[in-house]
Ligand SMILES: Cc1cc2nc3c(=O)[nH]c(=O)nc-3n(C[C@H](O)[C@H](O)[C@H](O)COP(=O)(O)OP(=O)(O)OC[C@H]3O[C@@H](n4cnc5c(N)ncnc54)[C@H](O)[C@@H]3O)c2cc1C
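Only one chain is given next, in C-alpha cells, and it is the form predicted on its own.
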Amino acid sequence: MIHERCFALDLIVEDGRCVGVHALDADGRRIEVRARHTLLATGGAGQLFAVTTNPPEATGDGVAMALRAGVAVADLEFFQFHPTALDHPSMPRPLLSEALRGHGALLRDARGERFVDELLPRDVVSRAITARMLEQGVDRVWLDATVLDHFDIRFPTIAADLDAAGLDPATEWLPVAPAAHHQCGGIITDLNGATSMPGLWAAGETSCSGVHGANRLASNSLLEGMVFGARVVEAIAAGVVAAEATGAMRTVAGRPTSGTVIGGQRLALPERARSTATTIDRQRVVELRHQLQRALTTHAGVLRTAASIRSATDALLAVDAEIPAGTVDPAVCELANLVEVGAALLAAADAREESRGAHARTDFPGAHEAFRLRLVIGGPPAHG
C-alpha cells in the first residue's frame, strides 16, 4: 500500500527491532505504518543553515528519527558547503558549477581582487571565500564569468537560472557565497544499507555508508543514490537480517565483531531540558527556524571555533525551549528534527578538535591522528 502526503514522525521499535513508523496521514491523523523492513531515504539537512542548495523539505527527518531511537549516527560535523551558490533570495540557491571556474571564471572580492586559486577543492575555496567575506564585512563575493565565450551554449541550465534572476554573465559579475550543500554523515550503515538496528535500513544522503568520509567528491552522491537503494532491496530479498562489518560498520582495529559493533569514538550528547511550552503559532515556528538557521550559519558553518560552537548551541537550546513536546504539526516536527540533528552536529563539531575535510576549526587548524576516526552517537555498545 502507498501512503501519499503522509509525514513520518518516529520509528516503531519493539524488542530492539524497527517494525515501522508512526506517521501523520493526509488528514493529519496519527497512524502506524508497520513493516518487517523499514528503509529511510529522507535526504539531507541543508535547512539547518540560512543559505543552502537544499529544498525546504531537507530537515534531517531520517537522522532525527534515528537519533531518538538510539540508532548509531556519525560524521554529522562534516557538512559540505558549495563555494559558489548564487547570492539570490531564491531557495534552494542555484549552483554556479565548478565547471565555470574550470573554464576560466575568476573569483573576486569586494575590491575586485582575486584572492584564491579557483581550481582548488570545494572546501578550500569555501573557507577562502568565508574568510574574505568576514575580513571585508560583506556577505558575498563575485564570480567573473565575463571572459567565457558562448556562455548560453556551453552552460544552458546555469544561463537559464541567471536569466531568471535578471543577471547577464556576459556583462556583469555574479554575486556568490558558500551554501550548505551535502550532509556527508548520517545513519551508519554497512555496504548493504543495514543500520545498527535490525529491521532498519538507510540509503542516500541520510546514511553514513563510508562512501564520503570527511568530505565528498563532486557527483559521488549520484553513485550513492543509484547504488545503495538497490543494494538494500537485494539484501532484503536475499534474507539478510543483520548488519555486516563493511563500509562504515568496519571492525574495530581488525578484531572480529558481531556486525553491529562500529569502529570509532563514542560521543554522548549533552542532556537537553524538556520544553515547558504547550502551544506555538505557525508564524513563531517560521521565526524560530530562521533563528536556528542564522545561528548555525554564523557560528557553525564553514568556519568554527569552540566559542562559536557554544554560541550556536545556546541559540539552538533557546529554540528547543519553545518547541512544545508531543506536537503533531508537521512544521513543528520539522523544526524539532532540525534541533535534534543540529544538537548532534554541534556536539561532534565541538568534540573534533582539529580541521579535517569539510570540518574547519580555526582554533585547531591542522588534522590530528587521534581524530582519524568516526565520532559515533548512539547504537549498541562497542565490544570485541
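These numbers were taken from a predicted model, which means no experiment stands behind them. Heads up: residue numbers just count along the shown sequence, starting at 1.
Although it is not shown, the form predicted together with the ligand is what the next lines describe.
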Heavy atom contact within 4.5 Å of the ligand in the model of the complex, the stretch among 340-348, 26-34, 313-321, 42-50: 42-50
The single option of G301, P169, G204, G199 touching the ligand in the model of the complex, heavy atom within 4.5 Å: G204
The unique member of V124, L134, L222, A110 whose heavy atoms fall within 4.5 Å of the ligand in the model of the complex: L222
Close approach of N54 to the ligand in the model of the complex, 4.5 Å, heavy atom: yes
Any non-hydrogen atom of M65 within 4.5 angstroms of the ligand in the model of the complex: yes
Contact of L95 with the ligand in the model of the complex (heavy atom, 4.5 Å): yes
H182 within 4.5 Å of the ligand in the model of the complex, heavy atoms: yes
Stretch 289-321: residues contacting the ligand in the model of the complex, 4.5 Å heavy atom cut-off: none
